[in-house]
Structures are given as C-alpha cells and as structure tokens.
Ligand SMILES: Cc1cc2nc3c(=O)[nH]c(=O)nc-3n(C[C@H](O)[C@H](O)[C@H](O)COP(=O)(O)OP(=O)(O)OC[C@H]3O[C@@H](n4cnc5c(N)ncnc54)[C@H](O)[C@@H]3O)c2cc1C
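Only one chain is shown below, in structure tokens, and it's the form predicted on its own.
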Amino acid sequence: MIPFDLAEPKSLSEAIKLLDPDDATVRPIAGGTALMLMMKAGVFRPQKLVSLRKIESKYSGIVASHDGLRIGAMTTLGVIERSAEVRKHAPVITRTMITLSNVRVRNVATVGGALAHGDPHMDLPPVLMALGATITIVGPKGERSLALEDLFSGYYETTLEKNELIAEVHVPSQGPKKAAYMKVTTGSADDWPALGVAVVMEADGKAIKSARVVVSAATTKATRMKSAEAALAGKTVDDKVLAQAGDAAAEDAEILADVRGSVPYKRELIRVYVRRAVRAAIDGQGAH
C-alpha cells in the first residue's frame, strides 16, 4: 500500500467536516474489512483516511424500544450477532449472522460500513430491507432519513453524498411476521453468495396478507421483487402460488453475471430459491 494520512476525529460532526466531496482521495473508514483489501490490491489509493473509531459511543450500540431497534452505524456485526435485543426483536437477523462471512470479520466490520460499501453480495442488506429498515444519514446540511431500499443505486454505488455518513439504522420489530433468509454458495456456508433471498411476511398460517421479497448477490444491487410480492399478497401458499412468485422474481431481476454464475444460471436460482425462502418462512425454518 502507498502511504496515507490518518485522521481520528472524536465526533461524527468533526468527521463530516474532514470529508471533502470534491476530493476522491479522502475516504471515511469504519471497520475497514473491505476498504483495506481494496487498498492492498491497489484498487483504491487514498491520500487520507478519516477513521470513525473514536466518535461518540452512542453510535456503537443497540437500543430497543416499542417500535423496534436503533443500531448505531459503528456497531460491529459481532455485537449484533450476540445481542439479546436483536434476537428478541428480529430473530431473522441473528440467524443470518451465523453464515455472514466469518467470526473474525464480524468482530471488526460495522453495520454502517457494510451498508455504505454498496456491495451487492452482502448478506445483511437484503434482510434489513425485507424488514423495512430505514437509516439516518448525517451531512453538512443536517440529518435525513432514508428507506434502506433507496440507499443502493447500482453496483457498489449508493445515494450517499461524498460528505455524508450513515449514523444509525432503525429496524422495525419483526413481531409475529414470518421471515427467512437463504443464500446459495458453492463454497463454504460463510462464503460470498451467488444469490441471497430475504423474505418477510405477514401471514396467518399459510394465508399471506403481505410480503416483502428482496434478492441480492445475483443482481447489481439488493432489490425488492415487487412483482413477487404482488404474486404472494392475499394468497394461500401452495405449489402454484410459489411457482408464480418465483417466476415473477426471475423475470424482473436485473441479473449480474460474474465468476459465481451466468445470467441464465442465476435466473434459475432466483426462480427456485424465492419459492424455497417463502416456504421456509411459512414453515418457521428461518435462515440457511
């Protein structure tokens, strides 16, 4: 790696002042699990990194309330995995964490960094999107709230301004909703997936009132499959309904071909695993 300067501000507001929207060589760094790899590979050559490790401690914790969870952006994935409050309010997140990378990464990587990185292969964004999560973003102009599904704009791209930072993630309580996350990988269970599918549904037995279906990894960004959601809403789960939902998602997805599979292969994965994820949620099988 080439030499770089490291700033360690003591507050979020101070960190934002150090970010220059017109200078691409200045970047914030949270856990650094992705950024450091990019730097070692020479993909990114920053002249200055703004570390967020010493900002206010309130951005590194989890607070539960009647309407769900507020998770500080600097909270590590390991803390989220082990949190009793997360297990109580959103058990699908806890189950997903078990196969999200490995324990070494989870103990360093932060939720804010995982979202801001915009990598479509991440396991957590589709789950949070399916739960209806929102984020609080802070910049020179103040705070703004954004539905997580509106954060991702393309392959490794987000709608964040260059001098904005994610401060907090709000996750509504899962409550009685049925949820599941399924990932497909040809490697180990914690490897990058060729496909991730998250499903969260309001259902009475097999009768679905409403559904949120999110596909990632096979696509350029984590994406809600609204046609699949419409195919499920108001229906009673059977093979025909599952097939309709899987077909709808496969037809609508903007698929990305990469080393993990071709477009036709990933399209068929979506067709099959949307069905399986809905079935897993209905049957209470959670995450795989």
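For every residue, the number given is its place in the sequence shown, counted from 1. Keep in mind the model is a prediction, meaning the values are calculated, not measured.
From this point on, the text means the form predicted in complex with the ligand, which you will not see here.
A single residue from the set Met182, Ala133, Leu165, Val200 has any heavy atom within 4.5 angstroms of the ligand in the predicted complex; that residue is Leu165. Note on contacts: among Val127, Ala114, Val213, Leu195, the single residue with a heavy atom within 4.5 Å of the ligand in the predicted complex is Ala114. The shortest heavy atom separation between Thr99 and the ligand in the predicted complex is within 4.5 Å.
Contact between Asp191 and the ligand in the predicted complex is found at the 4.5 Å heavy atom cutoff. Interface membership of Gln244, defined by any non-hydrogen atom within 4.5 Å of the ligand in the predicted complex, is ruled out. When the ligand is considered in the predicted complex, Ile255 lies well away from it, no heavy atom lying within 4.5 Å.
Of the candidate stretches 102-110, 86-94, 170-178, 214-222, only 102-110 has residues whose heavy atoms lie within 4.5 Å of the ligand in the predicted complex. If you check the ligand in the predicted complex, you find no heavy atom from any of Ala15, Lys141 and Ser145 within 4.5 Å. For the stretch 23-61, the set of residues having any non-hydrogen atom within 4.5 angstroms of the ligand in the predicted complex comprises Arg27, Pro28, Ile29, Ala30, Gly31, Gly32, Thr33, Ala34, Leu35, Leu37, Leu52, in sequence order.
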